[in-house]
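Only one chain comes next, encoded as structure tokens, the form predicted on its own.
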């Protein structure tokens, strides 16, 4: 079993060579994932000199290691929860922002001619109980009040048209979801940033920064550089040097395994329409066919160290044989893990904190949100009037007792896992 992301075996071409650290740039961007690269691309094309600095290789955090599932990512609270918190108009605008994001993302890939195995096959979300099915049905009726939202309720009697499992009690199909190869997207963004004059500095951890009269000094493991502005684009990998951001996000561990190639008849039965998949459990599961249609990618939240791959694979197998008992004897070809970032209000955030720009907190749905918000953040920095989003003014706060170290999180996840097993 390979202990790195399946996507790395299927990249289209290597990204360009990376630059040496300059003495000065207009904008220093910390983090070379989707957020940092898309922000850098828009800024470089807007005439700014840009350096994207990463502690590892570009995309080596979550950007090249996620499940490659995309969609509008409608808010966890739903229309009713958001209305209770923000009022009807703002609630609908927050949900509509998700639709604007996916439309932008698809247009961006087409305009930039980025080939990343995009398949807009929709997503099926299974209901774990009759009560969950009723809740999903009500949520869909609410979301249909948002212009352009497309979803259909699937009763139990028609469930096997969507998923080859008896576990669920029906579900919902969201038609604006799909999948891609995230590593190919990382590589394409790297090439475009380099072609636009942006610099990418890899394997260079940022150790701190100082505010100066005309900008900032950014201290790295290989020396300092100066910049007029800083963008923090580190999401679930935010270092202690940016602790004001770190304490506003909750790093959550996520893990993925990929099966060996399955018999054609079997995989067609398990995933007949090549949907992205999930369900209503407290601990998120997400699964799909690989772009070639021959394997299943199986993801879930995980506990314990991220390098205990045998334990991680065993936990994933236990989770998914409940959905697909046929997978019990099937070997895994790949298994890997990483970190996503949740926020205390379940929403992504973008803006400026103490003069430093940021976009982060994608709550496990970051492929579309990061590219969209990174581009919009760059537009605001360039003074473009069309770059505002519904997330701009959401309060980005943290409880007074939380300082970026989620003590007790494993126990909370064990509690949710117990509740899931009781369904």
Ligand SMILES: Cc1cc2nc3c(=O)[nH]c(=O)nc-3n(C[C@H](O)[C@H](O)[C@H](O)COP(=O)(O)OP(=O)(O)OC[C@H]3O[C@@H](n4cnc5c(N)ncnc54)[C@H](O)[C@@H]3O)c2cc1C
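In this text the structure is predicted, and so the values were computed from the model without any measurement. Residue numbers count along the first chain shown, from 1.
We do not show the form predicted in complex with the named molecule, though everything after this point is about it.
Visitor: If the cut-off is 4.5 angstroms on heavy atoms, which of these, 87, 205, 351, 272, is the one near the named molecule in the predicted complex?
Guide: For this set of options, the contacting one is 205.
Visitor: Name the single residue among 60, 49, 389, 375 that comes within 4.5 Å of the named molecule in the predicted complex, judging by heavy atoms.
Guide: Flagged contact: 60.
Visitor: If contact means a heavy atom within 4.5 Å, which one of 118 to 126, 147 to 155, 250 to 258, 310 to 318 is the stretch that engages the named molecule in the predicted complex?
Guide: Going through the listed ranges, the match is 250 to 258.
Visitor: With the partner left out of view, is residue 168 within 4.5 angstroms of the named molecule in the predicted complex by any non-hydrogen atom?
Guide: No, residue 168 sits far enough from the named molecule in the predicted complex that none of its heavy atoms falls within 4.5 Å.
Visitor: Counting only non-hydrogen atoms and a 4.5 angstroms cut-off, does residue 338 reach the named molecule in the predicted complex?
Guide: Output for residue 338 is yes: heavy atoms within 4.5 Å of the named molecule.
Visitor: Using 4.5 Å between non-hydrogen atoms, is residue 286 touching the named molecule in the predicted complex?
Guide: Yes, residue 286 lies within 4.5 Å of the named molecule in the predicted complex.
Visitor: Using 4.5 Å between non-hydrogen atoms, is residue 237 touching the named molecule in the predicted complex?
Guide: Residue 237 belongs to the contact set for the named molecule.
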